[in-house]
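Below you'll find only one chain, the form predicted alone, shown as structure tokens.
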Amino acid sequence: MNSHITYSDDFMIKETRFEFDNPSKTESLFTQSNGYLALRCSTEEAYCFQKRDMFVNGVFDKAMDDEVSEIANLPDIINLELYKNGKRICLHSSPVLSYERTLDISDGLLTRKIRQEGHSLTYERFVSMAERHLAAQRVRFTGSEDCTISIITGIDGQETNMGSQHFHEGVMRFFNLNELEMASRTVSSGVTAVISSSVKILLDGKEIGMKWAVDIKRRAIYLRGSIDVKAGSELTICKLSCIHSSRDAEGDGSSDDALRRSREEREVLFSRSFDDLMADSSAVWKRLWENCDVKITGNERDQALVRFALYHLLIMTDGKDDRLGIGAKGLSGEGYKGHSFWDTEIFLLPFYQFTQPEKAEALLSYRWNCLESARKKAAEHGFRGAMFPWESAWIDDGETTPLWGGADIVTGTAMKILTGELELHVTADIAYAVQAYYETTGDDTFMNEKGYRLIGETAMFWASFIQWDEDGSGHIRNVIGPDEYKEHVDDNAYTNYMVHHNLKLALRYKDRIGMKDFDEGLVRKAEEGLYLPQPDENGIIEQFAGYHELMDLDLSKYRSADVVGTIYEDYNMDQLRMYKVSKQADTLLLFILLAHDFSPETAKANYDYYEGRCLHDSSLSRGTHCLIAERTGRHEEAYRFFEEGLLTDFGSSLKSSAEGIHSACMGSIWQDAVPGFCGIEVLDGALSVNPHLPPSWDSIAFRLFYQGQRLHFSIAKEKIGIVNEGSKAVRLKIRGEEKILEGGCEI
């Protein structure tokens, strides 16, 4: 556990000291967002090594022609520097008597309290859940002697994405003596961002007029002013900011419209108080937690960190714009450039489809809105149907995987990133997620309008992609499976089985797909002829053709390392292909996603074989292994992997989350706690419940939506209680026994 970041109760995360050399962990973990607007947790005053990030979900841009589209870091609004009698107030300026920064994850309020010789400060900040374009901050100062306080705050457009500037100079101006505005356009995508800030000053609770000077610099505009403060008086600085873009779903796409909406909305919001706006936001948070909370008794740490994961799941997306996906770091940092991967469909969708089905529908509709881009990619490569990008940004950006990565330890040059060319299973993963969503929600409207077509388009890609041998067998060659330490492999088991599932779904729904160019004969040939590696005499399914011929490698050094990826310090990708070492779960995923296609004995044999050869160098890995260990009766191992997953971001390493939290890991934590330990899955048209709680848990309680009905679960060691809070009956399987639970009734 961290020595400087702890939990004080179920809903409070606390930082007890400021890490000057490594502030990035807190910046990521304490991110505030409403799914549209996000603020990384940088401090108001500036320090070295900080990364000030503000994102609007969906604002992507290419800074240079040879770069890929990435989520653009918007101008900074958080900056607020204070000077006492001409001397800058910061954590270096005078001895710190006490320090505490807390994030209340029940309502997203960030508070920082500092007491230094001669004064005390309280900083508060939130991103509104009620007003999606609003961020608010408040600073309160009290001194022990009379002094003059100078204030500098504004909108700073000099921020970059790791050095890449995404915005032009823009137009800057001020209004009403205390309001600032910056309107600027992205370099290549042409998205206009309009940022406005209003600053009010209160002395002992009464608003006072402030004579501000205005500084306009290159890509920056600031207010500057001073005020005399008596000893014991409280000076309050309240800064409200509105952020709009021409890409907002409610707009018409023009810069003029973004500017108009900004000015209309801020006229209303800037007239309101910090406390009133916070109350509205808290009310929305309360409703979110009512549906999504997981209450664990018996283990305070597990309770706190499961809720921490839920907090981040709740702020990654608001589900109000189906042109937006979820980045691999959510909205908490610049890692992976804000791109969406298969993480969404396999590791995040289960949470949303069971707790917020409308968000799950929006995320799948994002893939629907990327369909033409996916069809274009398939055609460019000579295939039919839809070939989805490995990394996705804006809906028409196409493939956004970078071409070059880290250093090759052997050649001394940058390693070429091949996932955008070869890691193709995302296309089958999307089809899988469509079906899983349908089985959980029964959403016929989505399926008729989008779902069946997505299944058909992806199946047509695979039917045209499969290569045929003279004996009539079909093969998928030269790909990368989930294990990215193995490139250029043939017949990756995970890929082949997921493709086969995709093809089967297309044939099942062939009369509903509605595609003029759907070739049933070709799809049927692919479904019947695709090679599916079978368990050998030891029950092992070979990860890919030739895997068993690879050499074993002593992995103890790398499995015990404090950070991931240390194997790259000794081997490059060409060398890794020679050894039985995996980055994350690969074949083992099949025993979760397609569990009922394999015997329990096969699942156990493969778990025993592959886990010891896995480095868990991906945050996706431990959650997967937890689920498989739980389902194969290895309950102690399952809980160990669950603990390790909890600490992926919250653990002691100061650099593990430098570029943002691991969003898929947050989804895995929920999957492990609820579907995993509570044994919940959709099985043969019923919701199956077969729990096995960890020994340290006395009970767990949560709500799920199933077939449109909200169910409340209360599970203890030997007791299962379920209340159908909806109006229609649902089919359940409780420890294998079928039951019908009528609306308004309980078991």
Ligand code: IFM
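What you are looking at is a predicted structure, and each value in this text was computed from that prediction instead of being measured. Numbers for residues come from their place in the sequence shown, where the first is 1.
The same protein also has a form predicted together with this ligand, omitted here; what follows describes it.
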| query | finding |
| --- | --- |
| K583 within 4.5 Å of this ligand in the predicted bound form, heavy atoms | yes |
| Contact label in the predicted bound form: L620 to this ligand, heavy atom within 4.5 Å | yes |
| 4.5 angstroms heavy atom contact with this ligand in the predicted bound form for E484 | yes |
| is_contact(D649, this ligand) in the predicted bound form, heavy atom dist at most 4.5 Å | no |
| Partner-proximal stretch of 244 to 252, 569 to 577, 503 to 511, 583 to 591 relative to this ligand in the predicted bound form, 4.5 angstroms, heavy atom | 583 to 591 |
| Contact assignment for this ligand in the predicted bound form, among F167, F341, Y437, F677, heavy atom within 4.5 Å | F341 |
| In the predicted bound form, the residue from W285, W394, W390, F308 that sits within 4.5 Å of this ligand by heavy atoms | W390 |
